[in-house]
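Two forms of the same protein chain are encoded below as structure tokens; each is given separately, as structure 1 and structure 2.
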Structure 1
Amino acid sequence: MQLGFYVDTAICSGCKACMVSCKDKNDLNVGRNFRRVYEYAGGSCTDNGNGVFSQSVFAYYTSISCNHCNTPACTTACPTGAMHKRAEDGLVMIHDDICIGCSSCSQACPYDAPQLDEARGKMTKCDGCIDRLNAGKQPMCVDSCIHRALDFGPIDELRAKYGDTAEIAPLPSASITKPNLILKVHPDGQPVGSGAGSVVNPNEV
């Protein structure tokens, strides 16, 4: 079995309830985020010369954590084997006792999932809320989403329910690490690599 996430960018409002609840559960300091909410916006207004303006303005939000990829770049980059992918559920985890905090995994991950705990000198990341999963609950981010824009479970079941799209700007190409992520694309969603917009609110919480 392989577990994964579903994100509905068509209804996500960017409220960051998922992000804040994750920080609270994991007692994360400012600047360390296991889940991040990206606002991607762009477009322009054009004067048609007749007193009327046309516009192509768009904006949408994408909530992203570790995608527990099929070919995770972080595990390949880890020099000690601390970063590993579990056989039983496909979750990418960290052996804390052998992690040396070198940040090689963070530098390799195209989704910025691994985060350095500077106080302990160890890498940290989303573990799918393994303690909650073991108790028969959903990850904290999923349960805290006020719009129900997030879902989590066996990736085959999620794909049967939601499809298999895994790309939207500003995320990287899914071909890099084959993320266990499914996206419902916003009506104004831009393709990966699009220069039509930019990330306008870096996460500073």
Structure 2
Amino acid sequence: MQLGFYVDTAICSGCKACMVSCKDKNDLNVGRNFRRVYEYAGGSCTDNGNGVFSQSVFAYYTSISCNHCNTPACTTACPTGAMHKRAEDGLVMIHDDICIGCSSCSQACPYDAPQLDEARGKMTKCDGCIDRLNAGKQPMCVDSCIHRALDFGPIDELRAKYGDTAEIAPLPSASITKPNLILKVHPDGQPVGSGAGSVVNPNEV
């Protein structure tokens, strides 16, 4: 079985309840965010010179954690084997005892999922809230989403329900790591690699 996430970018309002509840659940200090919400905006609002505006502005939010990819870049980059993908549920996990905190995995991951715990010199990341899964619950981020924009579960079941789109700007092409991620694309969603907009909140992710 392979587990994965679903994100509805059409109804995510960028509230960050998922980010904060994840920090609360995992005792994450400032600087470490297992889940990150990217604000992607583009177009323009201009004064046409006569005091009258025209606009072509769009914006949307994309809440992203570890996608527990089929071909994870992080496990390939890990020199010790600490970063590994579990056979039973496809979750990408870290053996804390053999991680040397070299950050190779975080440099390799195109989604920025591995986050270094500088105090301990160990890499950390989303584990799908494995303790909650074992207790029959959803990950904390899913249960905290105010707009119910997130879902988690066996990826086959999620794809049957939501389809198999896994790409939207500013995310990388799904062909790189084959993420277990399904997206509902916002009506203004832009294709991967689009130059139509940019991530306007770099300090928040």
Partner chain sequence: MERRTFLKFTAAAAAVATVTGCDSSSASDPLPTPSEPVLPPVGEGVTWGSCATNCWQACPLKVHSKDGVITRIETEGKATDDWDSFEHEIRPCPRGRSMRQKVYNHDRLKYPMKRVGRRGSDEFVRISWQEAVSSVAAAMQKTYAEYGKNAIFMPLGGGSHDLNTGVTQSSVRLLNMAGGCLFFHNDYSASQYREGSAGMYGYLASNDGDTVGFWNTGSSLRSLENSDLMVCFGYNPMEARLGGAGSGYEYLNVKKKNNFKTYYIDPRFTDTAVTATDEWVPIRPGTDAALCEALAHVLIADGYADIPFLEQYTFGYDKYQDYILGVTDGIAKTPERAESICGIPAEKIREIAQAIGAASAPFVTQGFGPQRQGNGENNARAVMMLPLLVGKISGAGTNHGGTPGNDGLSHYAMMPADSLKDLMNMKIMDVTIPAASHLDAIEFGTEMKPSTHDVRYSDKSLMDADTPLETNVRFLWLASSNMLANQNGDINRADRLLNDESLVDFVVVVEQHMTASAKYADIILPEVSWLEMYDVIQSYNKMDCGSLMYAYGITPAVDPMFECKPAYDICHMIANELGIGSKFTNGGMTYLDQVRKVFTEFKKSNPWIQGDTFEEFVSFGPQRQPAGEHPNVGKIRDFVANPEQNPLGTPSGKVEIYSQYFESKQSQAEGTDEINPLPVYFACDESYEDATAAEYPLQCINYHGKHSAHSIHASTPWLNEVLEHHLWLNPIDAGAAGLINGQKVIVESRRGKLEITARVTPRIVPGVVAMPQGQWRRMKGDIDVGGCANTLTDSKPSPVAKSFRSNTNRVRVYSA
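Every residue number counts along structure 1's sequence, beginning with 1. Not measured: the values here are computed from a predicted model. For clarity, a rigid core is taken as the largest C-alpha set superposing within 1.5 Å between two forms.
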Which of the two shown is the form predicted on its own:
1
Yes/no, S54 Cα shift of 2 Å or more between structures 1 and 2 with rigid core fixed:
yes
